[in-house]
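First comes one chain, alone, set out as C-alpha cells in the form predicted on its own.
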Amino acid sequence: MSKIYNVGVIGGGVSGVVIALELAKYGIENILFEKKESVVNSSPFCHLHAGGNLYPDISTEQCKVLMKQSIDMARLFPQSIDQRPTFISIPKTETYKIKDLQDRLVVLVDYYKTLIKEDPKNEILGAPEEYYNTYNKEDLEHLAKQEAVKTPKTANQWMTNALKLVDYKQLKTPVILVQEYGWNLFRLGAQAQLALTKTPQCNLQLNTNVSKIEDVRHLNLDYNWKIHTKNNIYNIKYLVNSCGFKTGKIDEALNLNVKRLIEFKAAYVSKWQPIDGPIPELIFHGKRGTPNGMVQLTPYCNDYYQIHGMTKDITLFDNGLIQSKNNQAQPKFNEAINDRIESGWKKNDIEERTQNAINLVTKFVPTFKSATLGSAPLYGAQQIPGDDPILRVGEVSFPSKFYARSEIIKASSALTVANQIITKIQEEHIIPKIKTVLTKNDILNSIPKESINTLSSELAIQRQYPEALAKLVIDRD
C-alpha cells in the first residue's frame, strides 16, 4: 500500500516551509512540494514589519497584528533578523501628519508591553521605552554635527549616521527612529531548507511540479487527495494550498471561485559607498502610486542597498495590481509582467528602473546620485484576499473539509497560519488532540549558524544576486 501523509503542502514559500516545520515539530508526517530547486523563492521581503510603520494608511489594529506576528517569526528565525532601526519621515510636500504616526506608536508601545508581560521572551525589539525615538529640528541640527559612528549602539548614533546623508531640511519634524528590524530572506530560506532536509517528519520534494490534484474525499478511503507529479502519485489526508499569488490555480482545479487581488512589485539593488559605518533603513513617506510615492532604502552588507519607490516607474507597474474575475479564481497578469516572472528581465528594463529608483532616493539623499546598478532586481507577486488593496494582514481560510488555503500577504503571518492549520486538522480528526503546546521548534534550533551562512550565500549566488545580500549588516552571536 502507498504511504499516506497526514498533510500535503503545495508551495515552498515562507508560509509553506513554516507550516511543514511546525507540523514536523509535533511529529506530524507531511510532504512539501516545491517546483524550484530551493525553498523561499517567493515575493522578496526585507523588513520585519514589527509595527507596520511603513504603512501610514493601514489601521492601528493591523499594525498591532503585524507586531505580534513579527515577534513570533523573529523568535522562530533569529538568524535571519538584522538588528538595525528604521528612520521614518514625512517630506514637507506630503499631507501625512507626523502626529498620526506618533499616536499610533504610543499604542504600539503599550501593546508591546502587554506582549512582554505575557511572555518575557517577546522582548526582542529592545526595551519598550526604546521602541521609538523622536527628533525635533534642534535635535537633528545637533546630531548632524557629530562624527559618524563605525559601530552605532544607540538610537542617537544611528541617527547621526543617517543625518550625514539625509537632507533633513526637506522633512517635517519630528523625525522618528523605530525598532523595525531588517529581515533576510536568503537566511530564512537556508535555515528552513536545512531543517526540512534534516527532519524525517517532512518529505521535502524540490524540483517537483504538481500536475494534478485528485479529489477522492467522496470515496471514504483512508486519505482524501491524490497528488500527481511527473513521476509519482502521493496519497494525502489533508491538503494545504500555499502557492502564494498562484493559490487561485488550485482553487480553479477544485472548482472554487474566490475573490482575490494579486500584485507584482519589484525592488532594485544598488551599490553605494557613503560613510564608514552602517545607516538605518530610510523611509520617506509619500502617497502610493504618485510620482512622490514612498521611498525606502534598505542597507545590506558590503555597501549594497535595496530600493523601493512606490511609483509606477519603479516598484509598481501598470496593470500590476489585478483582481479575479467572475468564474476565475486566479487573476492573470499581462504578457509583459508574465515575461518578467517566468523569463527574467531585459537588461535595459533593469537599468532604466534601477536608475529611476536611484534618482528618487537622490531627492532626499543627495550623494546617492553616485550609486550604481548592483544586480538584477528582487521581484515577485503577492496575494491579497478579498478586494482591499491596502490590506496587509492575511492569514488562512478553510473553503471546504480537509482543505486549507494560506492567504498571507506579509511573511510575518506565516506562523499564525501554521498554528491555525494545526488547530484545524485536530478538529477534523486528521491527528489526535495535541496535549502540550510547544513554544519553540527544536528542528530549526538544531541548525548551526555556520550552516545557515554557507547555504544562504549559495542561494544568493544561485539566484544571481550578490553574496553580500545573504549576510547580516549587524552580525549575531
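This one's a predicted model, so the numbers in the text were calculated from it and none came from an experiment. Each residue number is its position in the shown sequence, starting from 1.
Note that the form predicted together with a small molecule isn't included here; everything after this is about it.
Annotated contact segment (heavy atom within 4.5 Å of the small molecule in the predicted bound form): 34-42, selected among 432-440, 419-427, 57-65, 34-42. Mapping the unseen interface onto this chain, Ile447 falls outside it, with no heavy atom inside 4.5 Å of the small molecule in the predicted bound form. Of the heavy atoms in Ser324, none are within 4.5 Å of the small molecule in the predicted bound form. Contact check for Pro278: no non-hydrogen atom falls within 4.5 Å of the small molecule in the predicted bound form. In the predicted bound form, the small molecule lies within 4.5 Å of some heavy atom of Gln382.
The three residues Gly13, His47 and Val210 all sit with a heavy atom within 4.5 Å of the small molecule in the predicted bound form. The contact with the small molecule in the predicted bound form, taken as any heavy atom within 4.5 Å, belongs to Ala266 out of Ala357, Met159, Val166, Ala266.
For the options Gly244, Gly286, Gly374, Pro331, the residue carrying a heavy atom within 4.5 angstroms of the small molecule in the predicted bound form is Gly244.
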